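Before any questions on binding or motion, here is one chain by itself as structure tokens, the form predicted on its own.
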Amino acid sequence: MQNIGWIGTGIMGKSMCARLIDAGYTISVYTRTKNKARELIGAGAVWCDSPKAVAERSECTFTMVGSPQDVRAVVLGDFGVLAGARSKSVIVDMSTSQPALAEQIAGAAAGKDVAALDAPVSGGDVGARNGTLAIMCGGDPKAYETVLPLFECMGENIALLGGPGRGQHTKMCNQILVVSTVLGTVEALLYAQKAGLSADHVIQVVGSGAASSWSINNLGPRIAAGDYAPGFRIRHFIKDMGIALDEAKRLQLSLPGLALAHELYKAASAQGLENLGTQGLYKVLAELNGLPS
């Protein structure tokens, strides 16, 4: 595969697409606001005026958009990827979305002799820039092997977890765990502040012991520096938690920790913080405790 399509150039999507350009692939790109793709166009990507037009030029088309509704529109819509997809091509949705929607897309694609993979990622803006993402894939093994060289431009920990939807289910496991570690990071650093400790020193010590996590070692320093810029936005985190809670309900599974975190993040959104990074929860709990943030 040489001719690649890319749809969605947000915080992570732009960096992921840029890595494919740097690797020498020919890229066709679409995003709702053309200005957001200007750096990619400047680097050699060709602008298209619809997801359908992107797919018509591409052997493999990636989507990296915000919500299941967006995925449905850009893949299954009248001017979506599937409407323009070539026979024998592959559609790869790297958004975090609903497992059932991934299954629906795979079924619709098969009807047009097109393969579809669901391949959500973890690793945030840093992983996207550095090509160190974890990529959790569901779908046909042959399609996965075909796309693997492209995945390797973007990630290091890459795995096929089973059939359609299994990548999305795995991402739900990831988000449930991340929610707990972000909340733990925020509460630990609030405790450190109240106790008069240096947040940086605390992070250095506990971040190398049994309490080590991606959240304390990556989001912790941002909190300590008062940096709430998004590597992953609160509003997208709320969306992911909502999907996980819906799936848990369908599975008749009670996840009280996830439900609590979901409510706390909705409180952050209600305070107008929905476009901060997930570490922005610190501001909510700091205010609750009468501490500066």
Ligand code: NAP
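Small disclaimer: the values here were computed from a predicted structure and weren't measured. In case it trips you up, residue 1 is the first one in the sequence shown, and so on.
Note that the form predicted together with the named molecule isn't included here; everything after this is about it.
Shown alone here, residue 18 lies farther than 4.5 Å from the named molecule in the predicted complex, counting heavy atoms only. Residue contact with the named molecule in the predicted complex: residue 57 places no heavy atom within 4.5 Å of it. Although the partner is absent from this view, residue 12 contacts the named molecule in the predicted complex, with a non-hydrogen atom inside 4.5 angstroms. Interface residue remark: residue 33 is counted as part of the site for the named molecule in the predicted complex, having a heavy atom within 4.5 Å. None of 38-46, 251-259, 264-272, 65-73 except one has non-hydrogen atoms within 4.5 angstroms of the named molecule in the predicted complex; the exception is 65-73. Among the residues 80, 155, 165, 124, the one placing a heavy atom within 4.5 Å of the named molecule in the predicted complex is 124. Contacts to the named molecule in the predicted complex (heavy atom within 4.5 Å) from stretch 215-238: 231, 232, 233, 235, 236.
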